[in-house]
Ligand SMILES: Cc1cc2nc3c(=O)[nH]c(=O)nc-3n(C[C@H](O)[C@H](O)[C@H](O)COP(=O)(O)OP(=O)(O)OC[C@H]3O[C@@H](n4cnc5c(N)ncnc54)[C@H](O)[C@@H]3O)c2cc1C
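Here you get one chain, nothing else, as structure tokens; it is the form predicted on its own.
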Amino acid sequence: MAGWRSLLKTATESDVRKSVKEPEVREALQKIFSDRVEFDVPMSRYTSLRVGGPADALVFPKDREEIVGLLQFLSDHRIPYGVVGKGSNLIVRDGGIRGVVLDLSEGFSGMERDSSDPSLVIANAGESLPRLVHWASDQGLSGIESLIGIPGMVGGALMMNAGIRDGEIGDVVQSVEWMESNGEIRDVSKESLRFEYRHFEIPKGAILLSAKLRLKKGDPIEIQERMKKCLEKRHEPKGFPSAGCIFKNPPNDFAGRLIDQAGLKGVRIRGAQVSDVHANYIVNVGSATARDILSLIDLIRERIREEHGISLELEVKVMGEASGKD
């Protein structure tokens, strides 16, 4: 850690606001992360909707020590940061993201059974959620099979409390481990956690590291059969980039039903279109920009508000800055 900090300090000697655009900042990040840092990265490569302007820097930390050192460096120089997973529930605006974006998929994947309690599974935030679901099934562990078909990583699934009517990931969480912005690691038990519909509250600037999930023993064949039935119930558009459901369901109703009833299926703004398969999906039918998608979102929300008096809330996350053209 000392070497980490000293190298970063030599790059920027005074604790003042810095930009990742500055050569000395880029040099410091390059020395530490080598080929695990990219600059001016189009986030369209890292979002399932295939939209998004450039992030100043995208880093792939390999361990917790690197994150601690990086957060201290960013704090010292007031450089903003954020975390992205598979980008399957994310819209990045066309102006891109200022600061540093962390991707935990390389250094923070993996899952294992707890040695002291085999019904407890430790899943790292950078692990693929679909892979975790299949692994649990192979292990004869039940409780998350309803999450099959939901893309993304464990960290993202926790942040949005991913799930369907049959269950959410928050239902099985025993504890969650995160790193706070000052580098302190906290392991918080379920009694102190607050899961809500498509939302999980953690301190501002904290980075999820792992979660312990309380699962139940089951027959792998029966678990796989339930997974198959869950997949059969999912009606998702195929063939075009999307980000899953765009809106949260309002109380006692379904966003897709309201959008469909409003006659908005198939409505298009340039490259963004309301799916004609599932009205709560927006698909990129060709060279859509984030501006196109957000304009279509605004149109939908205005129409539903006019016709039903309901303000639809976004389920997807929106990051970044608008472009100069917006």
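All figures in this text were calculated on a predicted structure; none of them were measured in a lab. Numbering starts at 1 and follows the sequence shown.
The form predicted together with the ligand exists for this protein as well; it is not shown, and the discussion that follows is about that form.
In plain terms, the part of the chain that comes close to the ligand in the predicted complex, with a heavy atom within 4.5 Å, is 88 to 96 out of 214 to 222, 251 to 259, 115 to 123, 88 to 96.
This chain is drawn without the ligand; in the predicted complex, the residue among A162, V172, L132, V176 with a heavy atom within 4.5 Å of it is A162. Only one of V83, L193, M111, M227 lies close to the ligand in the predicted complex, with a heavy atom inside 4.5 Å, and it is V83. Although the partner is absent here, V100 sits far enough away that none of its heavy atoms falls within 4.5 Å of the ligand in the predicted complex. A residue is said to contact a partner when one of its heavy atoms sits within 4.5 Å of a partner heavy atom; A243 meets this definition for the ligand in the predicted complex. When the ligand is considered in the predicted complex, A206 lines it closely, a heavy atom lying within 4.5 Å. Taking non-hydrogen atoms only, A157 approaches the ligand to within 4.5 angstroms in the predicted complex.
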